[in-house]
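Let's start with one chain on its own, the form predicted on its own, as structure tokens.
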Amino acid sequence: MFYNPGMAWDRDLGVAFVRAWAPGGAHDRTGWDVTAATGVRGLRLFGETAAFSAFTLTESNERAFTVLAANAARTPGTRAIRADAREPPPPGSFEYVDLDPYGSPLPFLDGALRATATGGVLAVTATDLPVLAGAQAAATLRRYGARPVRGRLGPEGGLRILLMRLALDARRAGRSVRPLLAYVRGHYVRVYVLLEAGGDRPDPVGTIEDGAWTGPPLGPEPRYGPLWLGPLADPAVVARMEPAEPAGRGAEVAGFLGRYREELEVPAPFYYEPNSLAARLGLRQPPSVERLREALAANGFRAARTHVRSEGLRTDAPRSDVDRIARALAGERQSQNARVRA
């Protein structure tokens, strides 16, 4: 039996997302919670969004299913099925499918993709972050077919690997994906993608070659990916998201959304951190995030804080300009210190 109170924040955010995706409570969609456990995620989405006319929850574990069935019986419009989650339950097609397993989502991904109607949303969580973020690079290549980014940028690399895998799997089925919301949080990554018709449509999936890459340094390898290199979200959907009422972690969700909306103004892959920037350039002291952001803006570039790390700064400036501006800020600070000592 599995219930994780630490994921209450994530479930609050999920309710906010579904309300934004289906504004006005159309109440005509069907949903499937693939690996439902005790059913808390799916039951909250059904009960708190007014987006669904029916919601199916599947679980194979006998003990968990006993609790799930009792919970669903108290919620008209939902049904619990004890079944292998790798195969979609009848009717086999849903406007919203939520895949939130323990570990990698890959064993369930084919069935979840097949069950998501064209024009519907597939939400996927991956908690195998050591693999996606490169701590087990051989496993990343074997499991996801990608060379991972390692180190501090690894979690975002893992998020982009998951989106890449969704895009390639959807393409093989003649469809394409468009991220509506994708993020890194603690020990996991989570994405909400819209499934659209047209598998021949080009999508922003590719490799990063060290010699041609002008963004933040990713490490010593000559090649990374393939990765999703496009935007992580739809600004219009995120703009409509508000903490659900009542929400146990509403203030935390509001803070996340504020930072995330800022970040959407700069949809460049990966980010800089002042400490690692100073270490690479040999600066005596790192510039502050805000001072670096102001200096980039003064030089005509966009820059925004990122939700991935509190000290991360995403920018569309080429690395050469970021380095030049950081060195100038270090010289400015050194000059000021000298004047103070004098």
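Owing to the predicted nature of the structure, the values given are computational and were not obtained by experimental measurement. Residues carry their position along the shown sequence, with the first being 1.
Not on display, but discussed next: the form predicted in complex with a small molecule.
- The closest heavy atom approach of Arg19 to the small molecule in the model of the complex falls outside 4.5 Å.
- When contacts are judged by a 4.5 Å heavy atom cut-off, Asp100 counts as touching the small molecule in the model of the complex.
- Among residues of the shown chain, Arg86 is one whose heavy atoms approach the small molecule to within 4.5 Å in the model of the complex.
- The small molecule in the model of the complex comes within 4.5 Å of no heavy atom belonging to Thr66.
- With the partner omitted here, the residue from Asn299, Ser276, Thr30, Asn61 that has a non-hydrogen atom within 4.5 angstroms of the small molecule in the model of the complex is Asn61.
- Shown without its partner, this chain lists Ala295, Ala51, Leu313, Val40 as candidates; in the model of the complex, only Val40 has a non-hydrogen atom within 4.5 angstroms of the small molecule.
- Contact check for Arg11, Val34 and Phe108: all three have a heavy atom within 4.5 Å of the small molecule in the model of the complex.
- Of the candidate stretches 78-86, 200-208, 231-239, 130-138, only 78-86 has residues with heavy atoms within 4.5 Å of the small molecule in the model of the complex.
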